[in-house]
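One chain is shown next in structure tokens, namely the form predicted alone.
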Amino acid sequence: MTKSIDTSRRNFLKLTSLTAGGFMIGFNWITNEVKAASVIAKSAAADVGFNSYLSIAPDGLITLFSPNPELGQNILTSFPMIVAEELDADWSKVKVVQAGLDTARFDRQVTGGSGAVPHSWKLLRTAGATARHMLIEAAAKRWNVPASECTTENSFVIHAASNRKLSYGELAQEACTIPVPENVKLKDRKDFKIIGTAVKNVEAKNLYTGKPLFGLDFYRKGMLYAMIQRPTAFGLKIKSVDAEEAKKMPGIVNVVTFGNNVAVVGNSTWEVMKARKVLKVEYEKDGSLESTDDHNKLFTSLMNSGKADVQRKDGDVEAAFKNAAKVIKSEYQCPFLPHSPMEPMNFFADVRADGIELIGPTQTPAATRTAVSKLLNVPEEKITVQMTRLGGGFGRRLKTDYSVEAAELSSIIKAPVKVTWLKEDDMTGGSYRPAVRYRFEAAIDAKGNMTGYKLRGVGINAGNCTRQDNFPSGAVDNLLIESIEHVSPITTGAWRAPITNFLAYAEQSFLDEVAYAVKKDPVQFRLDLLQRARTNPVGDIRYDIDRMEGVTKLAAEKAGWGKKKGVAQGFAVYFSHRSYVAQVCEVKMENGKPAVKNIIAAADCGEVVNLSGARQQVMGGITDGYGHAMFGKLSFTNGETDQKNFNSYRLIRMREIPEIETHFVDNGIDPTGLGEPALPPTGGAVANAIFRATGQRIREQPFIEHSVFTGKKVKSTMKNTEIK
């Protein structure tokens, strides 16, 4: 079972073997400030106050508290790798401990936006390099030799001239007498030994042996279990509740109605699950009960309305289209999608008079604490949040609804409780990727140049459903980007690579349409636009032209673009979350249908910390992007989801995953993130390859419903491509 983790200094000393004395450096995650080192003795352990900790114990164990939630992005491996590199540590003697929420000591305790490594890169390197400097100074002092004559390797300080060496553990206490340097030199990347190599996940053994790491594993003696009945459709509210039969079920302690929820509380998950099934809850309308047919009509009417928020306008767009020799117009549409993490939503809460304890899988622990504080009117300093490992998130666990309801329920029943959702609960009442429709228009002059570009996006609870500063903005003289939002009772939220997860597919498919319409190679067409942005930029350019050009050329080279026979290739490139990924998809016709055989990806995410983890991120992002573009669809009838579990909601299967080949640009810049950027270009590369193979454009997701796969004509509410 998993127990609450005490992240106090006293417990940290037990975890890191420092109770016998050793060397500890505190460093501030916000400013990179490294505080004075201290000798840690058992009697004084509780008196040492640091923001966060890099420790070296007498036995040589090196420990790092990691503040960011771990949901599979491999941060528990990457963070210590960075420290160990600068420290010249023996990797086998490095471990990491998950920190609890502590906004006084840590900054950005969030998993989202592919930002953990970019944020902490220099800070972690500085901490490791500072410790290494002080260890060298301590050894030099003991040997009475110049520090410049000493080197480090595998957790030893070495004086080659006298053939002497000392372990970091042996030097730990002496290092504490050395003044902390104000500035420390970081390694030249050519000297990296750990960074850039393939290192297995530090929790790999615990994962494959089934150790209790996840929120779902958490157990505390005396806690209660709960499941919550939520409205069966968006736009409903509770009218009446009959819980008499449920209360009589074995193991049931209470049935509580709060807000728009009915919670069944008992002694085990199985017992409350069975009791919830016999609840009799009657609902009444409390808003619009929207259906997918309603959304399609809304898309059409709003797309043609005169009202829109202008996100960017360059040049004279009206004149460009009026004087165009040719105008190309297309529409693209995507459905809602659930997040579908493998671990069901769950959270533990213990609301007491002296404070609140929250434990579970969250991507935003600080937001969870704030939300609970506001709801229960309890000061944040009286609320603790401990993060377990997350069994997937993809943006779903950026929300606080599931953790807040656990805290509210605990406050009502006056007992510690763990709330668990079924998969149906999350799929029918969760937070979804917004449904969106885009209309693209391109003005082409007599020489085949794109002189005008228009994009209008209509989203359902999507906010600004465009990314107005992304390519090809800055590369077209006359450009207009607009967005329109429809506010719906259906809850939406960030879904892996928010907005760009579909926008990239639509943009890259449309650029492909334009390239073919003007009889230009799709890759060269994009390179020409990038050159145009380089030599004659229009307005602000927020992307790096050289980096985008670099991945474009690398992907084309590695895929043998245009040189292979018997295979149809499709290309896409995209910039999102500070990084750049280009992909070439290869399709063959099998039994009259297109089959995706291979995807070659080139990524520029700056310095690759863990080559193994980076490959997994790219491959996982591509699999996620391809699987959802091909199969993912969540539709609604009168506010209720038509798909309620994996028997009706289609995910990609193992045998359907194509071969994926990954390449990384080695440009030496600081890391820029990789959790999300590989997903957006996938849909476009696949759709463009399918077009090359079949001559048919796919403009709606999921692809599997298109006639190239079904053999049947499907009626669409969107306009087909128009070329005038």
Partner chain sequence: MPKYQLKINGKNLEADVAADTPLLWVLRDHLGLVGTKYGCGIAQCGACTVHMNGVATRSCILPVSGLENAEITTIEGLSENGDHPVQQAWEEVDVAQCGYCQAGQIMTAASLLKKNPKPSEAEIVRTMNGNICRCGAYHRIREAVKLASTKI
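This one's a predicted model, so the numbers in the text were calculated from it and none came from an experiment. Residue numbers count along the first chain shown, from 1.
Keep in mind the form predicted in complex with its partner chain is missing from the figure; the text below concerns it.
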query	finding
Contact test in the model of the complex: N261 vs its partner chain, heavy atoms, 4.5 Å	no
Proximity of R526 to its partner chain in the model of the complex, heavy atoms at 4.5 Å	no
Close approach of K322 to its partner chain in the model of the complex, 4.5 Å, heavy atom	no
Its partner chain contact in the model of the complex: F471, any heavy atom under 4.5 Å	no
Residue among L302, L279, V199, V596 with a heavy atom within 4.5 Å of its partner chain in the model of the complex	V199
Listed residue (A556, L71, C465, V385) with a non-hydrogen atom within 4.5 angstroms of its partner chain in the model of the complex	L71
All of G210, W495 and M654 with a heavy atom within 4.5 Å of its partner chain in the model of the complex	yes
Stretch in contact, per heavy atom within 4.5 angstroms of its partner chain in the model of the complex, of 537 to 545, 486 to 494, 215 to 223, 369 to 377	215 to 223
Residues of 336 to 353 having any heavy atom within 4.5 Å of its partner chain in the model of the complex, listed in sequence order	H339, S340, P341, M342, E343, P344
